[in-house]
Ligand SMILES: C[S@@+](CC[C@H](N)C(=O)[O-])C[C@H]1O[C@@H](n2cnc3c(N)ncnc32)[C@H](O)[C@@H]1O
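One chain follows as structure tokens, the form predicted alone.
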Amino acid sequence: MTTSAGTDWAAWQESWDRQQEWYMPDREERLGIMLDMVEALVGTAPRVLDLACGTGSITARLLRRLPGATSTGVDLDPALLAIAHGTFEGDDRVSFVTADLTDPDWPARLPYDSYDAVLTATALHWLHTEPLAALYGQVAELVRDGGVFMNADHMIDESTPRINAAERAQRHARMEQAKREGALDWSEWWQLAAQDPVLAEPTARRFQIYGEHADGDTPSARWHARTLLARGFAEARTVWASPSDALVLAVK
């Protein structure tokens, strides 16, 4: 059995970040705003749930920004969780839970009954609107009164088709240029993971669980805010946006 001893987890984190930035050059900007609002609304030592955490990208930035924070990461992807576990091994501020967010009982696996902040980025777009609305109801029960939920993701406003088409064409042209300069896309990154002695087995399990990546409905930011209000939050609105993506913040 191949062990993770000696694996360069920082290099895998960096590789994941670069692959994600190929799709989202403004990724750090949106995550920075997310942490600004965490600090503004719940302070400098929050208990955070990193929802659909992947490799722990949000958690890493949270702890650099707010060293007094604690984080619970929850995900189902065994390969990304392997990178997360390797990265944060020995840090008692961080724990990880393996759970399927479409399982109604997933909150029972968490170590805490409530959180100051629940944060997620570029992860829930694979859910269709009905299960996403149900998930928002569960999240509302996990956020303490005065706490926050934030989702930064691909959110499409179908009322502006010409704007959408122009933005998409420009974004794809820039992505193709970056690809010619050596950027890895999603499938190429996973091909590398499948060849790694430590990540090969969890990567195989990951594709057994998920199959090939597929998006859900990617509704508009207005839909997200409206649904969060209907599911138990007191305030909700967009606090950051690009032509294709948005960060929606809700306060309990």
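Numbers follow the displayed sequence, beginning with 1. Treat the numbers as computed from the prediction; the structure is a model and nothing was measured.
What comes next is about the form predicted in complex with the ligand, which does not appear here.
A.B. asks: For this chain shown on its own, do 225, 245 and 249 all sit within 4.5 Å of the ligand in the predicted bound form, going by heavy atoms?
C.D. replies: So, no: the whole triplet misses the ligand.
A.B. asks: Quick one: from 117, 84, 121, 155, grab the residue that has a heavy atom within 4.5 Å of the ligand in the predicted bound form.
C.D. replies: Exactly one residue meets the criterion: 121.
A.B. asks: With the partner left out here, check for me: in the predicted bound form, does some heavy atom of residue 16 sit within 4.5 Å of the ligand?
C.D. replies: Contact check for residue 16: yes, within 4.5 Å of the ligand in the predicted bound form.
A.B. asks: Does at least one non-hydrogen atom of residue 186 fall within 4.5 angstroms of the ligand in the predicted bound form?
C.D. replies: Answer yes; at least one heavy atom of residue 186 falls within 4.5 Å of the ligand in the predicted bound form.
A.B. asks: Just checking whether residue 210 would be counted as a contact of the ligand in the predicted bound form - the rule being heavy atoms within 4.5 angstroms.
C.D. replies: Heavy-atom contact with the ligand at 4.5 Å: present for residue 210.
A.B. asks: So, in the predicted bound form, is residue 96 in contact with the ligand at a 4.5 angstroms heavy atom limit?
C.D. replies: Output for residue 96 is no: heavy atoms all beyond 4.5 Å of the ligand.
A.B. asks: If we take heavy atoms and a 4.5 Å cut-off, which stretch out of 142-150, 157-165, 73-81, 171-179 is in contact with the ligand in the predicted bound form?
C.D. replies: Comparing against the ligand in the predicted bound form, the contact stretch is 73-81.
A.B. asks: Judged by heavy atom distances of 4.5 Å or less, which residues of 42-75 approach the ligand in the predicted bound form?
C.D. replies: Those in contact are 52, 53, 54, 57, 75.
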